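Quick heads-up: it's one chain on its own, the form predicted on its own, in structure tokens.
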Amino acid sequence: MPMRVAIVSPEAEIWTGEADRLVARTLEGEIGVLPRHAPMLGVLVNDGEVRLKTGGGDVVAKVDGGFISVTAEGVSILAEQAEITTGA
């Protein structure tokens, strides 16, 4: 069962959908998130990326700082700046 993911910046919603897997770089290192992951909060690195595996293929977003929040409802990426670089 996929998880709900939203990537947003102060300017706009960058990507919203369902993903089977998410990988992001935080200050503590690279993390992988699968559906039903334990709740967590992390700080994203500057000049990083978020990689998503979706039913329709891979999506890669360039992010520049911000936060990742994982809850029972899904994953929220709150980036200072973000743009989709691959997929969509």
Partner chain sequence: MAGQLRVYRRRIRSVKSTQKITRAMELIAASRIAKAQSRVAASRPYADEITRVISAVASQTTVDHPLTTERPNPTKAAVLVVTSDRGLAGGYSSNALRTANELVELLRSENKEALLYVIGRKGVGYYRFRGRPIEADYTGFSEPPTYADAKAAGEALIERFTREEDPVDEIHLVYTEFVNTLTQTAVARRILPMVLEETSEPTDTVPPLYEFEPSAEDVLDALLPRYVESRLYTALLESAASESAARRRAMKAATDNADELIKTYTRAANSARQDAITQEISEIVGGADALASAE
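Small disclaimer: the values here were computed from a predicted structure and weren't measured. Residue numbers count along the first chain shown, from 1.
Although not depicted, the form predicted in complex with the partner chain is the subject of the following passage.
K.L.:
Taking the shortest heavy atom distance, is V45 within 4.5 Å of the partner chain in the predicted bound form?
P.N.:
Looking in the predicted bound form, residue contacts with the partner chain do not include V45, since no heavy atom lies within 4.5 Å.
K.L.:
Contact between I84 and the partner chain in the predicted bound form at 4.5 Å, heavy atoms?
P.N.:
Contact check for I84: no, nothing within 4.5 Å of the partner chain in the predicted bound form.
K.L.:
Contact with the partner chain in the predicted bound form for T26, defined as at least one heavy atom pair within 4.5 Å: yes or no?
P.N.:
T26: yes, in contact with the partner chain in the predicted bound form.
K.L.:
So, G56 and the partner chain: in the predicted bound form, are they within 4.5 Å at any heavy atom pair?
P.N.:
It does not: once the partner chain is placed as it appears in the predicted bound form, G56 has no heavy atom within 4.5 Å of it.
K.L.:
What residues, if any, in 37-56 have a non-hydrogen atom within 4.5 angstroms of the partner chain in the predicted bound form?
P.N.:
Read in sequence order, the residues that approach the partner chain (within 4.5 Å, in the predicted bound form) are A38, P39, M40, L41, G42, V43.
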